[in-house]
Every structure is written in structure tokens, then in C-alpha cells.
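Below you'll find only one chain, the form predicted on its own, shown as C-alpha cells.
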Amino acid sequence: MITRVDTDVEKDEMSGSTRGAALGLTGLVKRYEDSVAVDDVSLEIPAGEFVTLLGPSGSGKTTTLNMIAGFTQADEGQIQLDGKAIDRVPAHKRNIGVVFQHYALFPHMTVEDNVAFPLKRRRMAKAERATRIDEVLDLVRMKDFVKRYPRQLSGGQQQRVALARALVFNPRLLLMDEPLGALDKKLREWLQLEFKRIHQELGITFVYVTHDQEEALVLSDRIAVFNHGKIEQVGTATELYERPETLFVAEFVGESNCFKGRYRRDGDLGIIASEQFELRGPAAHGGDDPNAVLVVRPERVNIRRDGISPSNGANILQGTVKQVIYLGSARKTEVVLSDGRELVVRESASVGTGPAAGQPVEVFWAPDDSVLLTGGASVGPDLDQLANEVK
């Protein structure tokens, strides 16, 4: 519930400014009995940035969001808004906009009254209130539905009303917790673009929680990937996808083919080897590592056929097609390699006729299309172990 407060923060917001606020998280920790939900999370978010907290269920992203909102008290650490600590400020005095997954609209109120609620609690004058409601409903494209009740709206329309209610008092920070999780794919994709448009128009700071990797890639200026209460990596969509720093990020953000083996450096190249394979990629930091991992994305792997053949130095493996999956614009081919490991190839559906299940194939990719992870990374059984099982 939002109530009227007489803070400097509110005075700035009620003046009509929509400038984003800088958010700083330092060493946040939250424990529940014997488990640690959030473990030393630190993150700096500049004013006006759209940052997504991405991770699987139980990774700590929603708990972090709730601590920012003031719904959950951190056991350790500090939260700053524009350099001012807000850890001890009650949730209703932080004047942060929040959009929940389940909308939380008042069923007995019309769209207009739902959106007006935060302004009435702030005792805004009726004329100014009407202007603000009109502006925000126009922003979310819901002006034609002001007299409808939530039960008369679709899920997407309800979500836009919830967004309007969170924006109507001009917060400088907006938190969104899995807001599209209950919607169908086509509607989610449309609303993702709407969220991007609204963020660009208003310039306020967005912090968005999701477990949907594609959604995070589409929406975000930067993404913080959570795992077991910690942040594994923070970066742009391109950085996370093309240059993952940990195996978890490589596997969670998009689809990956991963090979474990012994790493050594050979000039500008890194070599990862087992009894079965010797694969090349860009040299990794550090020295030799017996438990390194080479990662290659499915769309970087090719199947040899007429007109498509490997260049000198390419990584080449032999296998048999397990199945081919048609995805409309793309075709996914699963290949069982000679050691029993499965490798995935993703090609444009316009690239000729692919091999059929049961056919032997040769797959290849350029070393520069690989990422080598050292320093204790691990994935599945060791290649040597798999090779011995095949033998």
C-alpha cells in the first residue's frame, strides 16, 4: 500500500520529473534458517538503465528485488538510491514503483480508479490527478478502457493497467517481478517491446526479474545472472552470450555444446584434449588446467555438405544424426558423437536439405567461435571417461 509521506524523495517525484535514480547494492545477504537465499550480492545500476536479474527458481533474484522494494529486510549489506541509504526506510516510504506477476489490481475498482489509487493516497489535487491518469493510460495504450473492471480485461490489458498504476506517481525506480510469466508467448513478446518503448520514453531506472533467458536478452541494457544466491556475471546480452565467464552462464543463457578435458596453451590458441578429441579455441587466462571446458554455441557449428566445408584449422568431429527438429525459421540437428556425447547444430531452415536421422555426418566449427573456460569449470562426465565407456 502506498501512503502519503513528506520526504524529499517524494517531492522530487511529485514534481513530475521522470529522471531515473541510480541504485547501488553492496554486500547484500539474506538468510532463512539454515539456508542463504542471497549471498554477498553487489551491483551498481546507473540512472536510467534497464537491468534484468536472471536466474533459475531459488537463485536469489526475487529476494534481492524484495529487499530493494523494502518488502524483505537484508541481514547484511546496504541499498542506496542516488547515494542515500534506504535500508531502514519502510517500503511505503521508498516511493518505488512495483509491478507484480499477478497484477494485484483491485477487482471492485475500474481501470481509472486502480490507476488513481496511488495519487489519491498522496492527496493529489483532482485536476492534476486526472491529467496524470490520462497521460499514463495513453502511455500504456489503455485510454479506451478507463471504465472497465479488471474482470472485463484480458491478461495483457490487466498487466498494462498494473504498469500504469506503478508509473502514475512518477517513480524514479521501477521494479518488475516476472510480470509476463502468466501470459502466452505471442502476448509476452508484444509486451516486451512495449516495456522497452516505455523505458525509452520515460528514462527511469528499471529492475526486472525473470527466469526467461530470451526475455532478458530482448529487454535489457545489462543482465545480472544469479545462481545459488550469488551473481555469476553481469554484462550486456552480447557479452553474456558470446563471452560467458562461467560454465553456468554458458549453459543457462542460451544453448551450448560443452566439452571437458585438459587445457594447455599453444601460442594464441588454447587446446583442450582428451583421449578422444583435441579441440582448439582462443587461449584462456591462466596456465594448464586438467578440468577445463570448451563451449561452442549450436549456431556456430556446421554440418559438412556440398558447398559447406571446414577451413584449415577448424575443429572437426564425426558423428551420427540422432534426430532433426524443424523450428520454422531454423532447423536443429542432434548429433551423437563417437564417444556417445550429443552435440546440437542449429542452422537456418533455408540452408539446403539437412541429413536424416541415422546418417553419418561430419561437424565442424572455427576455433574463434569457441570459448575456453578454465579455473575449475566442469560439465558432466569427463571426455576420457566417456571414451573409455565407448571402448
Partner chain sequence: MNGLKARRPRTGAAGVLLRIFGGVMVIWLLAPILVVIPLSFTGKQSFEFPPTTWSTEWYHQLFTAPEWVEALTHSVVIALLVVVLAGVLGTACAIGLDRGVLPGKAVVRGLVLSPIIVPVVIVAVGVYLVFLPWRLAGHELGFVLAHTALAIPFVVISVSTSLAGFDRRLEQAAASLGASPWSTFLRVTLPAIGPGIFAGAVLAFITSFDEVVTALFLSTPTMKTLPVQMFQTINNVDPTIAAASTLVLAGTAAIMLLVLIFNRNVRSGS
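All values derive from a computational prediction rather than experimental measurement. Positions refer to the first chain, counted from 1.
FYI, the form predicted together with the partner chain isn't displayed, but the following is about it.
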Answer option from Phe277, Phe248, Phe169, Phe195, heavy atom within 4.5 Å of the partner chain in the model of the complex: Phe169
Note which of Gly287, Pro107, Gly307, Gly313 lies within 4.5 Å of the partner chain in the model of the complex, where distance is taken over heavy atoms; exactly one does. Pro107
Which among 158-166, 226-234, 210-218, 187-195 is in contact with the partner chain in the model of the complex, heavy atoms within 4.5 angstroms? 158-166
So in the model of the complex, is the partner chain close enough to Leu180 to count as touching (4.5 Å, heavy atoms)? no
Answer for Arg265 alone: is it within 4.5 Å of the partner chain in the model of the complex, judged on heavy atom distances? no
Would Val98 count as touching the partner chain in the model of the complex under a 4.5 Å heavy atom rule? yes
So, in the model of the complex, is Arg151 in contact with the partner chain at a 4.5 angstroms heavy atom limit? yes
Within 4.5 Å of the partner chain in the model of the complex - does that hold for a heavy atom of every one of Arg222, Tyr241 and Arg297? no
Contacts with the partner chain in the model of the complex, stretch 114-137 (heavy atom within 4.5 Å): Phe117, Pro118, Arg121, Arg122
